[in-house]
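Taken one at a time, structure 1 and structure 2 that follow are two forms of one protein chain, written as structure tokens.
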Structure 1
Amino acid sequence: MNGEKPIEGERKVFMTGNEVVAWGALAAGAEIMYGYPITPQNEIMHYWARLGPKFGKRFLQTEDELSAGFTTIGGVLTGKRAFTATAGPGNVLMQEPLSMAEAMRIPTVVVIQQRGGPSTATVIYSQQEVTLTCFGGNGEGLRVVYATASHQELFDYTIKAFNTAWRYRFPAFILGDGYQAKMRESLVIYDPAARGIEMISPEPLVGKTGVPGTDREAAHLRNAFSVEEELLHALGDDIEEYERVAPEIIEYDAFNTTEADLLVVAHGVVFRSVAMAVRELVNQGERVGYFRPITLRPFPGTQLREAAQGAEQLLVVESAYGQLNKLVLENLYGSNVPVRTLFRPGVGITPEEVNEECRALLAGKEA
């Protein structure tokens, strides 16, 4: 089966989110996964280790998450379309190699299935890894972070992350969660080529033939600097490029923003509850809308400000203690619109709870 495509055309399936990620990586042409077990992402490794060899793919279980991150970088440096996955404390440990990938502009792809914190906490669910994933490590957060809300998006953005990483040479993350990892839901899996998606071919970043600077351009892969001014110069170039390409990367979803007195902001799986509640309220005649950042890095700040212009108040809903809210407030700086919050760290939020909170805020406004 090594010469066969993992997916021919497209087909509808019913599977867990972790299984979806493995199929998405196969569809994207990933060649090797490096990883270390941690709930709730374990099954990504299990499915990949079972499916991959059928199509000539490889897997290496490392001794810990530090090693998983560094070996993933090593695979990418040799020109492999490599990836890894982790969660919670593993995400913490992996920040050292991921900081290295950020500094050296190595197109690393990482899947994060968030779990509750701090430390070991719960192995099930949270949205408490937003700050860590977006800004973790001793760098400036020059990363791309896609926050998925469904199994279809897990598949779509796993494929997209490989292209984004290789096109822009910034680490790319798919930020899921324990609910998405473990639950089953239907989706359509497909061969990217069947939908006109051209996968960017990886290339070796080291070990090329010829003399650097003479036969070819030098790679300038560097993560250590002798003096502060060198670091400033290198970061300045990277930050300038990150800001330049950000408009091409940014993604968001918005509904009924021009008609809304109350704008609800959410991301990831919590957005599903928000979308259901908001649409129900609109059908009942309420002036409510929603805004969903799909990329948390870079953040769709301009689009959020535009969506919030006509609203009398915002409601930020998340399963964390304000990690999304910090991004919202930063990008709304200077705006006078009041921002309310519904925080439930590590706990799922239902449409009914969002509906109740919205009605209370609308009633208070009208009073």
Structure 2
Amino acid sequence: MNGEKPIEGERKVFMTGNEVVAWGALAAGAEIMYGYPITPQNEIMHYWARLGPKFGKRFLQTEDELSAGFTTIGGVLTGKRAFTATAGPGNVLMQEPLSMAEAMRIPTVVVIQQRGGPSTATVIYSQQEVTLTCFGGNGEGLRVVYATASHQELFDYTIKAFNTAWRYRFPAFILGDGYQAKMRESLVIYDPAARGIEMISPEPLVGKTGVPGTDREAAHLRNAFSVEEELLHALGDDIEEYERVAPEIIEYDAFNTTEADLLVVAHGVVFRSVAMAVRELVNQGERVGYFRPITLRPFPGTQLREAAQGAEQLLVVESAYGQLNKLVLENLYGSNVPVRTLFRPGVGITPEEVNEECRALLAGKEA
């Protein structure tokens, strides 16, 4: 089976989000996964460990998430598409290796299936790992974070994350959650080539051919510097490049923004409730729209400001206590549009709740 494509053409399937991620990584040509068990991401490893050997793929179960992150870095350094997946407290530990990946421009791919926090909390669902995933580690958040809202997106963006990471050499994340991880949904899985998606070829950063010092220069990769200016020089270049490529990476979705008195902002699976509620309200003649950042890093700030221009008020909806809202406020600085919030940290939000909140705000009452 080695060398055979995991998916020929395309196929309609009905599966859990974790299974989707495993298939997405297979379709993307990932070669090795490193991982440590934590709910709700476990089945990504389960499916990868089962499916992988059929296609010559490898898996290593590590001793913790520190090791899962650092072994992933090792795999990436050799020029292989390597990835890992985690959640919650595992995401906390994962930030140490990922700050190294960020510092050294190592194109790691990490799938985060958010669970409730702080601490161990619940193994079910939340949107409380936004700040951690976007800005974790002792760094500047030079990373790409895709917040998916459906199983189709989990598949699409798993493939895209490998390409983004290897094209731009910034760590790439899929930010899912326990609901997306565990529920079943129908989607189309496909061979990227069948859709005209060209996979960026990885290249080795160590273990290149030839004798170092004779045939080529040795790779001397480091993240420690002796003096401040040295760091500023290296980091300054990275920041400049991140800012330069950000417009190419940024993705968002918006609806009815020019006709909206009330603009609702949400990301991830909560966005689905928002989309459903907003479309229903619009069908009933209400002046509502939505804005959804798909990339939380880099954030579509300019696009949000444009979308918010005609609105009388904004409503930020999230299953966290203001982690998305911080990003929204930062990017709206200087605008005087009032920002209302619907925060449900660690619990799901239904279209009915969004609908009710919108109606109250449109009627001039704060819910």
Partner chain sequence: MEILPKMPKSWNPASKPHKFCPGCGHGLVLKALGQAIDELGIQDRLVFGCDIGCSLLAWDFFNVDTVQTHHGRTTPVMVGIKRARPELVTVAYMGDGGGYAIGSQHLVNAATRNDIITCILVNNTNYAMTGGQMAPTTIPGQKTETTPYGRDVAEAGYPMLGPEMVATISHEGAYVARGSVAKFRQLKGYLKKALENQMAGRGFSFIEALSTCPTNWRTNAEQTWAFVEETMPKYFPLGELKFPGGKEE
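No experiment lies behind these values; they were computed from the predicted model shown. Structure 1's sequence is the ruler for residue numbers, which start at 1. Only the largest set of C-alpha atoms that superpose within 1.5 Å between the two forms is called the rigid core.
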property	result
Which of the two shown is the form predicted on its own	1
Value in Å for the CA shift of T209 between the two structures, taken after the core is superposed	3.4
